[in-house]
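Next up: just one chain, as structure tokens, the form predicted on its own.
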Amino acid sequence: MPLKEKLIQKIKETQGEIKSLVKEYGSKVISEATVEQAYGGMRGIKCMVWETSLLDPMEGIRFRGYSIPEVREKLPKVKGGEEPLPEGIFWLLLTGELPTKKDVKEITKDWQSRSEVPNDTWKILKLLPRDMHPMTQFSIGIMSLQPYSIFVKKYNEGVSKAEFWDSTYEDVMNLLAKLPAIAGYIYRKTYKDGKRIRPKKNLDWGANFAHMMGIDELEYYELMRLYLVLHCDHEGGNVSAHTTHLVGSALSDPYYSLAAGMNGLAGPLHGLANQEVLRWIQGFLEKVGGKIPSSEELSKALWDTLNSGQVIPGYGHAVLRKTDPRYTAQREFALKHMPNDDLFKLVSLIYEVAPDILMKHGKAKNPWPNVDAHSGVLQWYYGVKEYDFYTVMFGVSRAMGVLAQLIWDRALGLPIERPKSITTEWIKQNVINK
């Protein structure tokens, strides 16, 4: 069954289910907010519906109920490949069902048919300064496609609210189809010879992204597929996801919504973390003369870092309380393809030493590594050494999750998001002095 027909079926089923849930359990309390949460970024307050994934503190992210090991095992792969195809994770995010190989091939074909980027976008990107940050270029590239929004056209024609999801779906498919080409050109323009590489019809979405960056190695194709799957979604509370959802709740089209989310992803506390980890690891390796340190030397360096008031980059997570399964998946890839790489050896040694130190230090709620502790090292090994581009790659991946959810936002008729804010004076009067 084609993706859109499957989605229509799922929308009808889910609409009925939610209507029943709200009718029967609408008054049930699912969360309470504390003063600490109000000042602490609303962390942990359950007040948002996000269908595509759920983050468990002990198991990590689950995509529609499937863990990362299950996704790597069950999603379709290219012939002879071992990593899942991103087209498969998109099908899963959107429908909640595992796709067949035929389903995945149809998405690849569909995205290829929509992948032609308008000349206006190429002209705009070409005019941008070469030293402009790649994430700024990426956001501008997304926004340059906004005049082609089908959702805006249908909305202006007065289409029924019940049909908002349909034109959103068309925008999302068009946008996802074009993102690898835009990102690939930004990489070539900023760091290489500036020549745009056209996609190949025989390559899947992830492999074509690598190809358009100028990297035609089968191993890197596999890494790109893994990278795009692992970073695609992380429930709705993170900045890029929440921002896309928030802007979309005002019925802004997918181009406005995704660009806003990508601007959030560009922040140092979100999408820039992987490059900061790599920079820290390389700086440490340089300090010890380029050799892999002993456990004792590393232990001293980590204690020095913590005692100086700094954190160990790549360790800790707002929700997770175990090793991030995304880290584990990347570690398994590295053990197979690059076991003798010095940076990987250092990452492995930090994994052996850091958790115990962090537990003794006592301030970290989670002493285990997250996804960012590993991803930059993998990219560096395959020649992608331009730190500032890593977040663009992250953005191409994250677009799948946030845009799949945006379709569901429209299908379920979720309203504009508008929480109630309070002041410090209100807290003093109603909490402290009550």
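Each residue number is its position in the shown sequence, starting from 1. The term rigid core refers to the most C-alpha atoms you can superpose between the two forms while keeping them within 1.5 Å. This structure is a prediction, so every number in the text was calculated from the model and none was measured.
In what follows, reference is made to the form predicted in complex with a small molecule, a form of this protein that is not presented.
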Quiz item: Any chance P69, K74 and L93 all have a heavy atom within 4.5 Å of the small molecule in the predicted complex?
Solution: no
Quiz prompt | in the predicted complex, the one of L125, L175, A273, V347 near the small molecule [non-hydrogen atom within 4.5 angstroms] | solution = A273
Quiz item: Of A162, L269, L218, A250, which one comes within 4.5 Å of the small molecule in the predicted complex, counting heavy atoms only?
Solution: L269
Quiz item: Given that the partner is absent here, does N370 sit within 4.5 Å of the small molecule in the predicted complex, heavy atoms only?
Solution: yes
Quiz item: Might Y185 be said to contact the small molecule in the predicted complex, defining contact as any heavy atom within 4.5 Å?
Solution: no
Quiz item: Quick one: does Y327 come within 4.5 Å of the small molecule in the predicted complex, counting heavy atoms only?
Solution: no
Quiz item: Can you check whether G314 is within 4.5 Å of the small molecule in the predicted complex, heavy atom basis?
Solution: yes
Quiz item: Which among 337-345, 125-133, 358-366, 102-110 is in contact with the small molecule in the predicted complex, heavy atoms within 4.5 angstroms?
Solution: 358-366
Quiz prompt | G264 C-alpha relocation of at least 2 Å between this form and the one not shown, rigid core basis | solution = no
Quiz item: Is it true that A250 shifts between this form and the one not shown by 2 Å or more at the Cα, once the core is aligned?
Solution: no
Quiz item: V239: CA shift of at least 2 Å between this form and the one not shown after core fit?
Solution: no
